[in-house]
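One chain follows as structure tokens, the form predicted on its own.
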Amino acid sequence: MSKQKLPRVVVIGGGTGMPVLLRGLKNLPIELTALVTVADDGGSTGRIRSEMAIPAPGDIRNVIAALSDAEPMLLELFQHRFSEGNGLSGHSMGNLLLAAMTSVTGNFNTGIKEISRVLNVKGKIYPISNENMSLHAEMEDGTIVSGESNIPLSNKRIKRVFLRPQPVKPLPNAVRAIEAADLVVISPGSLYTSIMPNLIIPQVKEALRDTKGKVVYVCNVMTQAGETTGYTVSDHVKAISDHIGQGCIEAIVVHNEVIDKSIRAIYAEENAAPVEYDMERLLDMDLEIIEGDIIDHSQFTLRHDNNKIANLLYSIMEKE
């Protein structure tokens, strides 16, 4: 099959869920593009952002590592986090390299491109924006919480999230990738702080509505304290629709097996529970439901199985 005929798959997201998804997709016969959040402001990323006024490198770093075919030792070095050293403690080597390459090239996206070339990345990686943006949340009680890392800590129900400063301009290549996609996948991850910052940028919102490709959301398996406590699968979809409009999401991938009691007990300590699969409400939303056992049972923590998800998503394209 020639490269021109390969299906174009765009994955949008951030956090820990996106790299899992990408590891499964990268070996399929597709043209893969990852659009990654840059709203993170915690830890090493937050320190680099405040000192250099660049978009957040942390989620980009993890996506580069997921899509790289570099030697294991080189990847270990890239993901290394310093545990000691005045000024270095807590910093990730990859974050520092991304900051350095941004300084050398004068452009965050160009820096990502160069590091991707060095680390033999499969597919393309774009930040959703080249701008240094910050995430804010309006809670249901009317209070405003500023900063991606602070939002879950407030332990209040979130009404909406928004970005500042406005207007936030997306990376043109990111918008074009969505418009030209055969399949757009919204990855699992922290709903309001990793996924939503990508979707609420105006031109991205419009591209998701106008793309001819099918838009599929891979729903989280567990709720997240401070963000989605008590949320069902349809509550996740409704939150996205409330932010970007009805009808953008056409299909949803859900886990339909019971979660083991021992794993549930571990997550209960973090005030997390399995996301209830409310099929009837999803059908009322006119969504195509793609269900299955999609978790990796070899892990002690709940993670999507990258190969199961990749095969499910590829089967959607084959049907199309």
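Model, not experiment: these values are computed from the prediction. Residue numbers here begin at 1 and follow the sequence given.
Separately, the form predicted in complex with a further copy of the same chain exists; it is not shown, and the next lines address it.
Any idea which of 220-228, 93-101, 159-167, 139-147 reaches within 4.5 Å of a further copy of the same chain in the predicted bound form, heavy atoms considered?
Going by heavy atoms within 4.5 Å, the stretch is 93-101.
Please determine whether each residue of 247, 284 and 318 possesses a non-hydrogen atom within 4.5 angstroms of a further copy of the same chain in the predicted bound form.
No: none of 247, 284 and 318 comes within 4.5 Å of a further copy of the same chain in the predicted bound form.
Tell me, out of 131, 114, 235, 179, which residue has a non-hydrogen atom within 4.5 angstroms of a further copy of the same chain in the predicted bound form.
Selected option: 114.
With a further copy of the same chain left out of view, which of 109, 154, 105, 241 would have a heavy atom within 4.5 Å of it in the predicted bound form?
After the contact test, the surviving option is 105.
At 4.5 Å between heavy atoms, is residue 209 in contact with a further copy of the same chain in the predicted bound form?
It does not: once a further copy of the same chain is placed as it appears in the predicted bound form, residue 209 has no heavy atom within 4.5 Å of it.
So, residue 51 and a further copy of the same chain: in the predicted bound form, are they within 4.5 Å at any heavy atom pair?
Looking in the predicted bound form, residue contacts with a further copy of the same chain include residue 51, since a heavy atom lies within 4.5 Å.
In the predicted bound form, does residue 85 have a heavy atom within 4.5 Å of a further copy of the same chain?
Looking in the predicted bound form, residue contacts with a further copy of the same chain include residue 85, since a heavy atom lies within 4.5 Å.
If you apply a 4.5 angstroms heavy atom cut-off, which residues in 70-85 are near a further copy of the same chain in the predicted bound form?
If the 4.5 Å heavy-atom criterion is applied to a further copy of the same chain in the predicted bound form, 70-85 yields 71, 73, 74, 76, 77, 80, 82, 84, 85.
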